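In the form predicted alone, a lone chain appears below as structure tokens.
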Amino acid sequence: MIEQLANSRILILGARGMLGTDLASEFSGTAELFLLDKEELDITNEVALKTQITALRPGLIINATGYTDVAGAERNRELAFNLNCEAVKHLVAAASEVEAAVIHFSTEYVFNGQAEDGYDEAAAVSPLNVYGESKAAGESFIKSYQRGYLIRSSWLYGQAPQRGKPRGLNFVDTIIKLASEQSLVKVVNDEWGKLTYTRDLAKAVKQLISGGYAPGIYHLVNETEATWYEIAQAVYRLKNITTPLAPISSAEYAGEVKRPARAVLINTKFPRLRPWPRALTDYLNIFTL
């Protein structure tokens, strides 16, 4: 598909976010690139979204926007659904008018985390909270679009700030910051997932498109699974942090949101990404707070 896009246009929405920044870098030079974020376009505005897409007529739209504040979604259900569902509906409608392919990102939170073996691309969604419900609802529009690529990933971290998150820091950077501020850092040790570096995810997305993969659902994650505590331990080792670190249960974690305990995404349709410890090592060698 990259060959077809060589003389076409690629529109990246959410281009200054954590994932969007790496996508913009990865696709730079591939085709004529248009980078928009919320300051230039409110994608919940159906008319504005359609007008922009009609004017640009891109061959590929990459939607890296989303309401990602999991706790905030419980208090702001309408806002979460507007961005994670209604905006996706309008995006697909506008894309179909110009026959553009759409890449949209979703999350492990569309699953309840009760499957011991994890979730492959064919697994039925079963969200536990408002954030997961809003993402699952948005997925339905991509699944029904013949040019739609639905990419699920999990536990993202990257070099750009996390726009839309209260603290603006990813988990890795948060651990480093807390270790410099607190006498003891406590981290949940009974939730499993796959930590994924946004730079690796962006590279996989480009490979997906350039490799001629058919539209559909893909799980793109760094391998293998770990708990938040195990990841924190790795950060400690790599950064030589000596602040005490203690495992806690999710029940001890002060949060009002029910979260999936084992929402492990299984990739069966695409070459597996490298193990998360290798990606984390690269990240910490490149980036420091």
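Remember, it's a predicted structure, so these values are computed and weren't measured experimentally. Throughout, we count residues from 1 along the sequence that is shown.
Heads up, the form predicted together with a small molecule isn't pictured, but that's what we're talking about next.
- Looking at His219, you'd find every heavy atom of it more than 4.5 angstroms from the small molecule in the predicted complex.
- Using a 4.5 angstroms limit between non-hydrogen atoms, Trp155 touches the small molecule in the predicted complex.
- Heavy atoms of Gln52 never reach within 4.5 Å of the small molecule in the predicted complex, leaving it off the interface.
- Residue contact with the small molecule in the predicted complex: Asn129 places no heavy atom within 4.5 Å of it.
- Within 4.5 Å of the small molecule in the predicted complex, a heavy atom is found for every one of Leu41, Thr44 and Gly66.
- Comment: 104-112 is the region of 203-211, 184-192, 138-146, 104-112 lying near the small molecule in the predicted complex, near meaning a non-hydrogen atom within 4.5 Å.
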